[in-house]
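Quick heads-up: it's one chain on its own, the form predicted on its own, in structure tokens.
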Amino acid sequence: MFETISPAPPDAILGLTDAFKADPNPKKINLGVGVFMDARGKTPVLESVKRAELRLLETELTKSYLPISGSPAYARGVQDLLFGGHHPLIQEGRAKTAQTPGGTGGLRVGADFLSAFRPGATVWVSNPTWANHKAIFTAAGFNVKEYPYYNADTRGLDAEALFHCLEEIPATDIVLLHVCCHNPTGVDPSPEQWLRIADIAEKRGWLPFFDFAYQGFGVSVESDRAPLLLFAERGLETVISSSCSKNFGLYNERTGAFTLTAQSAEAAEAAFSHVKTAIRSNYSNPPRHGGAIVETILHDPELRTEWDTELAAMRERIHSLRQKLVDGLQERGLDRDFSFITRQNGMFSFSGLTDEQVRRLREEYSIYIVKGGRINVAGITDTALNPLCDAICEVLGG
């Protein structure tokens, strides 16, 4: 059997990392995979995480299995992040959360759960979106289509085209929405535009599936969750995949969650029983360590305050890097306006570089950027900034 199988194409992002690792150039720069780096080019372990791990080392008594849906205390902490601890969804039992292996696991759990109850539905994703979104929902049996999102001319949201498409989506379908720090563009709807999206969802009746991978990397933990609260205020059913990879720096611990919200506690409980069935037939129950770290931090006021401070420092560094990149390109006399980069949110920027320019950056300067021109701004180190600006100017003919 195996002799007849051809190699699968490399993953668009992880395959780029493999190529980067194989590059012998000592000055190579990796701006593909979405990880935060400090000024020295390291992806740090947060001090709050280290302190939580020390506490676990001292107090942990067992490595026994978690329940299918994970730790209840972890679920409560996640819901506090998503909605605020005293939100009616939580108080009335209308939100249910399962601990999952990363945000990707949350997406797949949600896709498997929904495929049992909306067979034949179409999942709508933004154009563009994270490459793995289509693969996840296609693997779960869904038809996947795109809605307009990014306007390449304005480097912003293609708002009217977006609204028009959402108005035409039938109630039987599912719409995947990035809560903040849109991947790959960095372009988010304004509060007024989110209000319009929520109005359309309420009128049309399609199911919102939120991908919340970057909470706290936009404006703040509280501000970034505002779109979720808009939908909650209307009593709309929603499903949410959230991740702790970026905001807790727990990339390799694979710590995420899947949350559903319903109009009654009874409906939430019934639906959640099928979520647990989907998990049982997939990975049975989640890994504990990453979730235990997050749980420890979120339920300890001192650690929570320290984490908030560290998260703010990461966010502020990314904002600063955006400005430094724009300033560096402007100082080199480019006749192109890159100020849009400072208006984007989160780790990524849709730079406007063409695939040919991305190829040249890789082959001539060992600078690795995802096809389509997505730059991981959070991965720009202090030493990489000037070489990056120089190389971009060269490929742009500046």
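A residue's number is simply how far along the shown sequence it sits, counting from 1. Predicted, not measured: the structure shown is a model, and the values here were computed from it.
If you look for the form predicted in complex with a small molecule, you will not find it shown, but the lines that follow are about it.
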Answer yes if any heavy atom of Val33 is within 4.5 Å of a heavy atom of the small molecule in the predicted complex; otherwise answer no.
yes
Answer yes if any heavy atom of Arg315 is within 4.5 Å of a heavy atom of the small molecule in the predicted complex; otherwise answer no.
no
Quick one: is Tyr214 in contact with the small molecule in the predicted complex, heavy atoms, 4.5 Å cut-off?
yes
In the predicted complex, does Asn183 come within 4.5 Å of the small molecule, counting heavy atoms only?
yes
Which of these residues, Phe113, Trp124, Phe83, Trp130, gets a heavy atom within 4.5 Å of the small molecule in the predicted complex?
Trp130
Single option in His178, Arg108, Lys246, Arg94 placed near the small molecule in the predicted complex, where near means a heavy atom within 4.5 Å
Lys246
Can you check 329-337, 33-41, 53-61, 350-358 and let me know which stretch has heavy atoms within 4.5 Å of the small molecule in the predicted complex?
33-41
